[in-house]
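The chain below stands alone and is given as structure tokens, in the form predicted on its own.
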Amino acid sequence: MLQEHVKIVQFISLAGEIVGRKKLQKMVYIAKKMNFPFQEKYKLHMYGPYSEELTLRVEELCNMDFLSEKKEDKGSYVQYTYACTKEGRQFLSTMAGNQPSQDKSIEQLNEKSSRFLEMVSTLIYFDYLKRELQIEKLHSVKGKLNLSETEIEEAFAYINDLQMYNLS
């Protein structure tokens, strides 16, 4: 049971810190789809693929003081930032064992904007469809993002790079 918690703490530890709940969700989903051994189940939600299991695990890890959650009032919304705590690093040192290290891949994901990761994760969610249908679905469920053809092409190029270098 705790192995799934270890994976999340390690992921956030390698990222340094992750700004935004949505970004964390998308990063873990993309990593999972690129064969990082996450077990959380995802379904399509308002901002793309979403895992209630991941939300609950992160909440548990914050309650255990293995992760810190900093809340910042941005006026019209609250922004959350996640980082590994000292207790979290101690937890990793006793529990981690043979967890794969993916620092470069995780850093690259963390450098991307939440908006970009939302687009990429949504395209990956529909990866069983042909490219044209993926784009149609993206416009259908993410119409409010007003995505340009250039942005969509950048997302597909990024997905191809991820698949080429595979996160695992």
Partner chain sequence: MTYATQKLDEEKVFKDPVHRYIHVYDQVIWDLIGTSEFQRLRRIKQLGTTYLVFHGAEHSRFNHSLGVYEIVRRIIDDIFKGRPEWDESERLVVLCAALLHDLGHGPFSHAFENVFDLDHEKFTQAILLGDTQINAILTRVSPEFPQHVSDVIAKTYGNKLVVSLISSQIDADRMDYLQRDAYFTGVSYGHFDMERILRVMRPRHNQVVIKESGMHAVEDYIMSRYQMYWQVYFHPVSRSAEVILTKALHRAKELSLSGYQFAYEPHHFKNFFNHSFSLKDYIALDEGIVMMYFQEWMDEEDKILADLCDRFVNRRLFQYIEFDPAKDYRKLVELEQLFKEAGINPEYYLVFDSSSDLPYDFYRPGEEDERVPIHLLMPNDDLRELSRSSDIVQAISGKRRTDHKLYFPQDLLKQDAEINSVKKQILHLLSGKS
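Positions refer to the first chain, counted from 1. A quick note: this is a predicted structure, and the numbers were derived from the prediction, not measured.
From this point on, the text means the form predicted in complex with its partner chain, which you will not see here.
- Contact with its partner chain in the predicted complex, defined as a heavy atom within 4.5 Å, is made by all three of H45, E59 and Y80.
- In the predicted complex, its partner chain sits within 4.5 Å of a heavy atom belonging to K137.
- Under a 4.5 angstroms non-hydrogen atom cutoff, its partner chain in the predicted complex lacks E107 among its neighbouring residues.
- In the predicted complex, its partner chain lies within 4.5 Å of some heavy atom of F66.
- Contact check for K41: a heavy atom falls within 4.5 Å of its partner chain in the predicted complex.
- Taking a 4.5 Å heavy atom cutoff to its partner chain in the predicted complex, the contacting residues in 12-32 are G20, R21, K22, Q25, K26.
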